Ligand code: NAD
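Before any questions on binding or motion, here is one chain by itself as C-alpha cells, the form predicted alone.
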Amino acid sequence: MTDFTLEKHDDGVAIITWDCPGKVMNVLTREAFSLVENMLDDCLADDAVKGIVITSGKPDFAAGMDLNVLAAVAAEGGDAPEQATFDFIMNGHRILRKIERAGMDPKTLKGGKPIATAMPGTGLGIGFEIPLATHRIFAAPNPKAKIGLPEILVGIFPGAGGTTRLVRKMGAMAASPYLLEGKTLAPEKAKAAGLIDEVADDPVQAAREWVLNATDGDIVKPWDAKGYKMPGGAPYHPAGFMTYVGASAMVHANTWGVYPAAKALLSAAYEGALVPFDTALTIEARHFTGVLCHPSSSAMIRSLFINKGALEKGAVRPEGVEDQKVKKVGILGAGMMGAGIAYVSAKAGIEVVLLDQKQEAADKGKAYSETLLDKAISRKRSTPEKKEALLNLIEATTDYQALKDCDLIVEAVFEDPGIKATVTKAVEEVVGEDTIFATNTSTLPISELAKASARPEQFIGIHFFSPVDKMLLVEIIKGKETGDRATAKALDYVRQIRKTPIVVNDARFFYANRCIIPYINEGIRMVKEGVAPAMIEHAAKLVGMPLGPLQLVDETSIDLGVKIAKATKAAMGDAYPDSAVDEVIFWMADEGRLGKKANAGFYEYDEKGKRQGLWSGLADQYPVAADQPELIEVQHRLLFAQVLEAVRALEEGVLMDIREGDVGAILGWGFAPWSGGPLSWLDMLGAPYTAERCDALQAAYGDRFACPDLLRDMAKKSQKFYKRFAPEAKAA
C-alpha cells in the first residue's frame, strides 16, 4: 500500500486520496510527495482528466510534515546540511507550484486543469499548505477539526509556501495570528476568516462539481494575475509599512529575541512582499533553512514534537502490563487541586467521586467545574448539554463508601504527612484490593507516605501542576515499593486526561521542584547581593524564561516559600544551603508581603491584583550595588542553578529518561523552550565548556555550582547527553 492513490472517474475528475497505512493521521514523507508529483503529471498529461480533487481516506486531512524527515534531511547533508535542506525545501516548492499552475500556459494563464482540496477534518502545517496551493478549498462542517499553520509552536514556521501564500491571500495583518501565533480554527470560522473557501456536508462531491465547472479565470491565483495588489498594502505602502513596524514590535515583545523562528518568519514575509511570487518562495526557503539548521529549532522539534509525542504514546510505560484505563476515580480533597483534577477527569469521560470533610466544601469543588464550563459556553467552546453531561459525572460527597467502586484514588488533601496517612488508611478500608492509590504532592517523599498503606506496591505519586486544567505536565513518582501496575495505571490515567506524563523515582522535591526552587533562590540571592531586581527579571526573560524568579515567587506565594524552607531545613539540618535566601523571604513574610495573593510581594499590585512594577521598598532593605554584573553572568547563574539539578537528577537515577528531563522542564515550569530543555541546552554548550563554566561559577558563588561527576566525565570524553543517553525507540 502507498500513502497516496489515484482514481480516474468517467466524469473526468481524478481523485487523489491521501491515506497513510498504519497511521491514525496522515503525515507527509519525501517518498509520498514524489508519488504525488507522478500522479499530478499523469493527470495533467491525460486529456480525459478535466480536473483533480485531493482528499483524505481518514477522518482528518493531514497533521503536517513528518518532522523526523526534516531532522534527517540536514543530517544526510553531511558537511553541507544547509544546502541539502535548502534543496529539499525548494523541491517541495517546485511540486506545490506545479499544482498551483496546473499545466496552464505561463503567459496566457490559460489551459490549466482545476485542482481542489476536500478536507474531511483537521488540516495542519503541510496539511494546510498543500490545500493553499490548490485552487479551491472545501471542508466538512466538523466542529472538532482544526485548520491552520501551528509550526511556530514547535520552533519553526510555515516553510512550504504557507507563509508566502497566506500573506498574499490575506495581507500581513490578517495573516499574523495564524503565522505568528499558530492560531487554528474550526472549518466554519476558517471560512469566515478567509483561510478556506467553502464548507460542505460532502466536500468531495462539492469539490468535484466545482472542478467540472471551473473556468480558466477561476484557477488563476490572485498573485499570478495581472495587476495584483497585496491586501492591506505592501511594505512600501503607508498602511503596509505600519503593519510591519507593529509586527516587528509585537514579535520582539513576545519573544524577547530568543526564538529564531518568529524573527525569520517576519523577515520572510517582509522581504517576500517586495518581490515577485517565485522569488518570495526562494526567500522563504532560505529563511526556513536557517531556522531548521539552527540548534534551537532542532532541539525544540525533538523535545516538543518527537519526544513529547513518544511520552504521550507510552514510551516509558512498563512492558507486559495490560491496559489500566481508569473507569472511576475517587478524589480526596475538593480544594483548588482536587477540584481541578475532578474537572479534567470528568472532561475525559471518567466517573468522579469528589470527597471532602464537609458537604459544602465538596459542592464548592464541583462548582469549580461549573464555573469553567460556563466560561467555555460563553466563549462558544462548549454547550449546555455538554456541561450537564460533565457535571453528571461528578459526585460530590463526604461519604467514604462512595469510593467503593473506584479503581483509582487521587488524594489531594493538605500537605501534611499525618493527614495524608489518616485518609490513606480510611480509603483502604473501603476500596477493593486492586485499587491504585495516588497521592498528589509536590514535595513530600512518596516512600514515606506509602508507609501508611497496607499495599505499598499499589501506592504512587501523581504530581499535578496548578492550574490543573491548563498545565500540560503531570509528574508521576515511583516510591521504593511501587509496582509496575501502579505505574502503568498512573500513566494510562494521565494519557486519558490528555496530559503529558513523566515518570521519576522518589527523591526530595522529585524532579520539577528540585530544579525550579534553585532558580527562584538564585534570584533572591542576587537581591541580597545588591543586583538590581529589574536586571534579574529581565535577564531571565531575555534567556527565554516565561517569568523572572521574583515574579514567580510572587505567583506561587512567599509564605509557601517560607514553609518549604522551614521543612527543608528541618530535614537537612547542617547541610541546608539556603540561609541567605531565607533571610530575604522571611523578612518579606514578616512585612506582610506574601506575593500576588496579598497584593504585595517583590512587585506592587493595584486593587484588582494587576502587577504594577517592582516594589521600591525592596531597595531600602537591600540597596542596589553601584557595580552591576554582566548580563550573561546573571543569566548563567539563573540557568545553571536549574540545569545542574537536572544533571544530578539523571546522575542519581531520579530521572530515568533524558526525554522526560527536557519535556518535563518545558511543560512543567517553562524552562527556556527555545533550548529544547536543560539537557538539550547543555548539549548546545558542549560538556567541556559547561564544566569550565561550572568551575568558574563555583569559585565565584559557591558549591551549588559544583560540576557533577557525570558532567565532568562527559567533558573529558566530549560527549553529548543525546548521544550517551540516546533513548530506545519504544512505545506501548
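A residue's number is simply how far along the shown sequence it sits, counting from 1. Quick caveat: nothing in here was measured; it's all calculated off a predicted structure.
FYI, the form predicted in complex with nicotinamide-adenine-dinucleotide (NAD) isn't displayed, but the following is about it.
Heavy atoms within 4.5 Å of nicotinamide-adenine-dinucleotide (NAD) in the predicted complex are found in exactly one of 524-532, 637-645, 309-317, 329-337, that being 329-337. Site annotation in the predicted complex: the residue of L355, A139, A342, A116 reaching within 4.5 Å of nicotinamide-adenine-dinucleotide (NAD) with a heavy atom is L355. With the partner omitted here, the residue from A512, V423, A346, V167 that has a non-hydrogen atom within 4.5 angstroms of nicotinamide-adenine-dinucleotide (NAD) in the predicted complex is V423.
Within this chain, F464 lines the site of nicotinamide-adenine-dinucleotide (NAD) in the predicted complex, having a heavy atom no more than 4.5 Å away. Although the partner is absent here, A619 is not a contact residue: none of its heavy atoms lies within 4.5 angstroms of nicotinamide-adenine-dinucleotide (NAD) in the predicted complex. Contact annotation: I419 falls within 4.5 Å of nicotinamide-adenine-dinucleotide (NAD) in the predicted complex, judged by heavy atom distances.
The shortest heavy atom separation between T441 and nicotinamide-adenine-dinucleotide (NAD) in the predicted complex is within 4.5 Å. Residues of 412-434 placing a heavy atom within 4.5 Å of nicotinamide-adenine-dinucleotide (NAD) in the predicted complex, in sequence order: A412, V413, F414, E415, I419, K420, V423.
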